[in-house]
Ligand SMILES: Cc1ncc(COP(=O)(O)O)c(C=O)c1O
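Only one chain comes next, encoded as structure tokens, the form predicted on its own.
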Amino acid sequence: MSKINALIEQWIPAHIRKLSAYHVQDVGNAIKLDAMENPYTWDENLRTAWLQRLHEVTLARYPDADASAVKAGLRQVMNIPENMDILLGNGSDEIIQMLALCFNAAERVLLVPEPSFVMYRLIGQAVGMRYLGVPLRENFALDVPAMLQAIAEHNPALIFLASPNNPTGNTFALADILQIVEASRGVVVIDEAYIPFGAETFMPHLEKYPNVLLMRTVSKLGLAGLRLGLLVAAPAWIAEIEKTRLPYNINSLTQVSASFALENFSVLQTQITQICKDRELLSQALRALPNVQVWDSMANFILFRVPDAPKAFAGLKAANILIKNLHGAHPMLENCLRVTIGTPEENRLFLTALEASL
């Protein structure tokens, strides 16, 4: 064993050494349908106006520590109640990390229905929480009796519920969510990253349930490059979680760009409407293929199962098309693939390559 390896074993905790880093596929010049991004861009006039706004930014100064203009824009376009406060993160991932740090203590449990967003587990385990995954039902609905049993036995400090869920695309029934919320003595975080694509928000119910926090992101709206997530909750919760937020975590270029985009939110909304239409067309086309199982989606991606996912994934990659291979990620995702909704031309090329790869 080298000296470095010996030092690593001595000083890096075992629970960190057992983890695997989150892997991002090499993009190259491929058609990128693997990361739930908005495929549409801004027209030249809007881009020029945005660049002019950036031209006014002074990089020699620290950004607004509170990002007050961004919060005001988010409050308006997302209809955030005035009696709720907002915390911003460098993407939702940083907010998940803040929550894990804030709620972690000896033997604290993080509970998540599975399969779901992998970062809940990775971040929870990284900070030393006990992670507990409860399988979803066969149709990817919440297994409420199993969740209630896990809550009663393990008293989780944190529960994450992503609705719509990633990677399955379905929403969880409000009645099921409320049973979990009411049974939990800890905090339930409802992750609404994909809420713009047609699902009902929990926002109107926040005031009634003091143990619920609501998480969102602007990444799926078409602003993934900004890395901006937000948490909405009662001011008392935000005041505590703010203690784990690093100062100036939202940089000046992100703040100015986000404010500009929110001022022109109608452009993003038009793109979202188009993505929803493209999603239905792509779903219909996938269902028409032989031996392909397709799940309904309320997100900007579609989960589907093929006879041999590794073979289909390799065929698509050879055709210069990247999607997400979920085979092996969870027992319920055997031979499953996930495709992000692209432009009509990207969707057509994907379908042609997939059919040739089956």
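Quick caveat: nothing in here was measured; it's all calculated off a predicted structure. Note that residue numbering begins at 1 and tracks the sequence as displayed.
The form predicted in complex with this ligand exists for this protein as well; it is not shown, and the discussion that follows is about that form.
Although this ligand is omitted here, in the predicted bound form none of 157, 184 and 237 has a heavy atom within 4.5 Å of it.
Partner proximity in the predicted bound form, defined as non-hydrogen atoms within 4.5 angstroms of this ligand, places exactly one of 212 to 220, 124 to 132, 273 to 281, 171 to 179 at the interface: 212 to 220. Out of the listed residues 251, 166, 259, 244, 166 is the one that sits within 4.5 Å of this ligand in the predicted bound form by at least one heavy atom. When this ligand is considered in the predicted bound form, only one residue from 103, 202, 117, 197 comes within 4.5 Å through any heavy atom, namely 117.
Contact annotation for residue 233: none of its heavy atoms lies within 4.5 Å of this ligand in the predicted bound form. Although the partner is absent here, residue 73 sits far enough away that none of its heavy atoms falls within 4.5 Å of this ligand in the predicted bound form. Although the partner is absent here, residue 108 sits far enough away that none of its heavy atoms falls within 4.5 Å of this ligand in the predicted bound form. Taking the partner from elsewhere, residue 292 is found to have every heavy atom lying beyond 4.5 Å of this ligand in the predicted bound form.
Of the residues in 79 to 106, those that come within 4.5 Å of this ligand in the predicted bound form through at least one heavy atom are, in sequence order, 91, 92, 93.
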